[in-house]
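Take a look at this single chain, the form predicted on its own, given in structure tokens.
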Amino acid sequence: MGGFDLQSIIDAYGGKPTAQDVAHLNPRFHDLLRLTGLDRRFVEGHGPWLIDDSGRRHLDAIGGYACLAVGRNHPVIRQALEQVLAAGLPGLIQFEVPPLAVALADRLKRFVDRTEDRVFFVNSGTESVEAAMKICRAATGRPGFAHWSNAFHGLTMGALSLNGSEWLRRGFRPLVPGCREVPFGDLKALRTTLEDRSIAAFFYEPIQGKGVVEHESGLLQEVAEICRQTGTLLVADEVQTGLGRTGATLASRQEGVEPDLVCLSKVLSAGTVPVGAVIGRTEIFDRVFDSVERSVVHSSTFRENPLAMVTGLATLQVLEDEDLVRRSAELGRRITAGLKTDSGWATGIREVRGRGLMIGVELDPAAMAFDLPGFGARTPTLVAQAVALRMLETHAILVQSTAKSSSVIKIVPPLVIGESEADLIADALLETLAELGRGRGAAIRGLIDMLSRAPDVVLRETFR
């Protein structure tokens, strides 16, 4: 009797994707990969590095959308997963208090210094937002939610209802009723929105992921006070910023804010086994799960499974043992400093934002000296994609443009990078900007080649 043969599956399906292959999934996403130069096959990953099928190493500064804090194939994570599989522990009994869940809750609360809170485990970041929405409604008896413009809290229906990008909401209405968008940073508008006391909670990202947008100093403290005065719960979506990404265990604490609930996920998963958590004040949780009958009013099948809990435990151990929170702050400063000249930001850079290893570089399209026949002006999206493509093709570094109609390049590498990798990112970006500023060379040829691979309608939709 034959056993499972992983290598045979990889051999059968691991080549360059064919039209038949992509037809099983999402052909339009494959079109996007072709446009951006990412239609290539990566076959290995170690730490912050990816190796493609030609053997070329690439520095991954996308980092699995910021979830790969400890890099790929970290030995501690591998050992932890091997141990739990070898132990043969029973999972998903459902009617139990799993010891590994207790251990992770205890360790997580101590790591973020919220030891008096309760923890509710979920399977992803967007699920943590969904869980927080339900908890806040039940705890307050209020139906509504509020969020900043430009917010991103996930793409399931509830989380999408808190999304500040209209192009992502398009086609999925009606969304969850009672969700109100507040202009980013507008305290007067926030107070007006909350004063009728119909809003259960205000959701915010300490640093917005779309464009890496920061709050003005002290603003989140004022937000917290407005929420307190109106009886509105304050929910920090730290799915991307939390657990070391910004150089702190919680980015909200860098702003002097202690929210009522905190949503976490990405880093906790090690990019290996999906896991997320909502951490919140005990009295809020106890208003929701307030009796034996209501002890299961929110749950999910796969939460608290042994693989997820062990992954979280091992990840927190690596973060502590390797001092990655502090290193994130230091290496982020090193990259940012590398993009400066004596007179300010290097030519082609309008602004650099973010903290730790969550960096957004806003480009200056006017500083780029190229025009593409038949395509018209240099759009922000087109300029950002030209930079990302050049970084990939010439320097073997993966970065991303952050959003439609944005000129921001986002840099969120694994926290395990070293000083040499930090310097490589900054130097490659400066060289790329210099070449685009001259309006010639491989960056332009690569961009023209990219555009030639797409139908005109795709170009107009994607890059204008």
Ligand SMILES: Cc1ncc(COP(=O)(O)O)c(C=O)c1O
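Residue numbers here begin at 1 and follow the sequence given. These figures come from a predicted structure and were not determined experimentally.
Form predicted together with the named molecule: not shown, discussed below.
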Legend entry - Option from 161-169, 123-131, 335-343, 110-118 whose residues, in the predicted bound form, bring a heavy atom within 4.5 Å of the named molecule: 123-131
Inset, instruction - Verify the contact flag for G154: yes if a non-hydrogen atom of it lies within 4.5 Å of a non-hydrogen atom of the named molecule in the predicted bound form, no if not. - result: yes
Legend entry - in the predicted bound form, D260 touching the named molecule (heavy atom, 4.5 Å): no
Legend entry - Heavy atom of H147 within 4.5 Å of the named molecule in the predicted bound form: no
Legend entry - Distance check, K266 to the named molecule in the predicted bound form, heavy atom within 4.5 Å: yes
Legend entry - Heavy atom within 4.5 Å of the named molecule in the predicted bound form - the one residue of V361, V235, V239, L357 that qualifies: V239
Legend entry - Residues within stretch 201-223 having a non-hydrogen atom within 4.5 Å of the named molecule in the predicted bound form: E205
